[in-house]
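Taking the form predicted alone, here's one chain by itself in structure tokens.
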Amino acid sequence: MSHWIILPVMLPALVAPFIILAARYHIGIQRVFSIAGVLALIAVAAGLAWQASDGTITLYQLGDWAAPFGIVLVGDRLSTIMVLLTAVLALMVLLYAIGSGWDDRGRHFHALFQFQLMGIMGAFLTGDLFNLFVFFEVLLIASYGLMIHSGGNARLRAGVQYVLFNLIGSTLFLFALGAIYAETGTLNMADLAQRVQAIDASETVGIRVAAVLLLLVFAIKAALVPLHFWLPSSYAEAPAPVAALFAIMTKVGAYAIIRVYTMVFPPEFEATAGLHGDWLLAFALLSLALGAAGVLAAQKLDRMVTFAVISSMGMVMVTISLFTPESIAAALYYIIHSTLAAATLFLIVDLVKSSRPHLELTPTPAIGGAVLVSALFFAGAIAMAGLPPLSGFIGKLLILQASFSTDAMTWVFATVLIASLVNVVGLSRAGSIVFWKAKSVAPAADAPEPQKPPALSCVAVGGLLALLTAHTVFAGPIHGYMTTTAAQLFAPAPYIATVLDTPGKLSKPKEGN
């Protein structure tokens, strides 16, 4: 049994307590170990993704206990690509935090950052629903600490709101797990996929309730309208590097929906038929529309970006709700784009904030390094709005293509195109007020010279834009990879066989033994 697959969870779990115990008062040492840990994560994640690229499914049984009795981690194409995306995003965010000095405004930034990575990695790799719940809680605790990093009343209020809303989600998650365990006697996803299919058609009420509760929980994590209320203030008030890292957190909800509703409750499962195709699609279209309206109506730059995230998640969920191999492939391509674009905009907003008195969309004197920051904002806005030539445009074409043969084609086309236009108008309005109209406002006579943004922070933002460019240039191979990934998701038999047939302690004796 290879131990590599547990390293994305164990590495941050070891680095975080080391930083707390041995380097609490030494920010330089914290930075070195944090960066080294994330670089090691990228190497491991790249290796796991390479291993899974030929369809190999890697199983790790903790304590050698066989599933469904023991805890298992499973690495397939989907989980390993999400782990790699998280690790690369974490490196850029860390570079920005160090360059801007955000990490030095509180003592435990790097330790909490590592715990956050541990929770995200675990959520992507776990093979059972109870440990998905556990890693969600690790996420919640670490993200709350990161949200209130460096203090402030507004940040504390937003943090409390964030925690309360997510605790409601955790409670619903526990109810769903209880209902599923009562109906099937297992929480291992592979085992569950088999037992759910064996339930008599007349006794599926309990499992249907559990499926709805699970979908609610994952929709809360994905900030799907009308369960999105926690996101705008939470992300707007969070420190910029934290908000940029949070760009992957909403994708955890999308990942969980894809995983559970392709393997455990597949589209052809009669008891939950129509759940995602009807209800999820309607709310996804609503998220897309309301997010775009929020972008246009926002009065502050940071709020505008949070609504752009909601709109972007609506785009992802529209594609997921179609639940065909083609649409899931398009959704996976767009998830990578959306994560990188959202993180880029959050960091650029912080560059603006560093030499502007406020983030309200009213003209003020030019900020420091206005030419460079405006160029970065221009590229980031193009990416988020889905304009050519960056990957958002390709992603939207894939989404429209995936909906072409479905009954919902008219609604999807209309909402996606109108929302895209509104997003373009909203982002253009913000850019012209912040950068263009700044030329018409003279600075005060005694105003100090605005400082240019730190070089390392600009490198981090440039790195994210370079990744978006690579996502565009290699769109063909990446979409091909995602198409194969979707095919693997819709044919879960090898996944189930790997999890349940691998021998371990308490495994069923085979015939003849």
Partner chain sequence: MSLFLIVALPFLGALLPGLMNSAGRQACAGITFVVSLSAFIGLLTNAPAVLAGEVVTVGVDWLPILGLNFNLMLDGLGFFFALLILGIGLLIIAYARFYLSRDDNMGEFFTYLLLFQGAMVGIVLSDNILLLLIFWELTSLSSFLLIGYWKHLPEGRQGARMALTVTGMGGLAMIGGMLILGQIAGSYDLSVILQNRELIQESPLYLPALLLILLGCFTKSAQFPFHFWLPHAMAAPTPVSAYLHSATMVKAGIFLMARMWPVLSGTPEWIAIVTTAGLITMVLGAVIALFKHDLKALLAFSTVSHLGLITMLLGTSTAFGAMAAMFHILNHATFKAALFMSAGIVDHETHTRDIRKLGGLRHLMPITFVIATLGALSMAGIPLLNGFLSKEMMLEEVYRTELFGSVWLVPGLAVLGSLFSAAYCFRLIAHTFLGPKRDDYPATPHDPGAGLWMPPAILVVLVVVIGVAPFVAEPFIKTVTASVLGGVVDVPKAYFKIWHGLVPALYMSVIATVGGLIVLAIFKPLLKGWDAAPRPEAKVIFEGLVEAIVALSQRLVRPLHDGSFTRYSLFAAVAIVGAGIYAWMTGTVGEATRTMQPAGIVPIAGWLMLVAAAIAMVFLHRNRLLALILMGICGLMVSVGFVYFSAPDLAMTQFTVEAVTIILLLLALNFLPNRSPIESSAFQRSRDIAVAVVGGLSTFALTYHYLLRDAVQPTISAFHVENSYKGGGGTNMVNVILVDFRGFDTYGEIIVLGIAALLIYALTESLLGGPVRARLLNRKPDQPRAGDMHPMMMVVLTRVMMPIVMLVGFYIFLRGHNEPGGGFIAGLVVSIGVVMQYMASGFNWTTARLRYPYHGVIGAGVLIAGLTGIGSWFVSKPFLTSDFTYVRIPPFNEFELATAAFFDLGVFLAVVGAVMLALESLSRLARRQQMPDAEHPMDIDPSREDIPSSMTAKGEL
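Numbering follows the first chain given and starts at 1. Since the model is a prediction, treat every value here as computed from it, not as a measurement.
Below, we refer to the form predicted together with the partner chain, which is not included among the displayed structures.
Can you pick the one in 394, 367, 252, 95 that has a heavy atom within 4.5 Å of the partner chain in the predicted complex?
If I apply the 4.5 Å criterion carefully, the residue I get is 394.
Is it the case in the predicted complex that 130, 208 and 476 each bring at least one heavy atom within 4.5 Å of the partner chain?
Checking in the predicted complex: 130, 208 and 476 are all within 4.5 Å of the partner chain.
Spell out, yes or no, whether the shortest heavy atom distance between residue 145 and the partner chain in the predicted complex is within 4.5 Å.
Yes, residue 145 sits close enough to the partner chain in the predicted complex that at least one of its heavy atoms falls within 4.5 Å.
Test of understanding: in the predicted complex, would residue 463 fall inside 4.5 Å of the partner chain by heavy atoms?
The answer is no: residue 463 has no heavy atom within 4.5 Å of the partner chain.
Going by a heavy atom distance of 4.5 Å, is residue 256 a contact of the partner chain in the predicted complex?
Contact check for residue 256: no, nothing within 4.5 Å of the partner chain in the predicted complex.
Taking the partner chain as it sits in the predicted complex, is residue 284 near enough to touch it, meaning that at least one heavy atom pair lies within 4.5 angstroms?
Residue 284 lies outside the contact set for the partner chain.
Of 335 to 343, 242 to 250, 285 to 293, 95 to 103, which is the one stretch near the partner chain in the predicted complex, taking non-hydrogen atoms within 4.5 angstroms as near?
Partner-contacting stretch among the options: 285 to 293.
Going through 57 to 75, which residues have a heavy atom within 4.5 Å of the partner chain in the predicted complex? Please give them in sequence order.
Counting only heavy atoms within 4.5 Å of the partner chain in the predicted complex, the contacting residues of 57 to 75 are 60, 61, 62, 63, 64, 65, 68, 69, 70, 71, 73.
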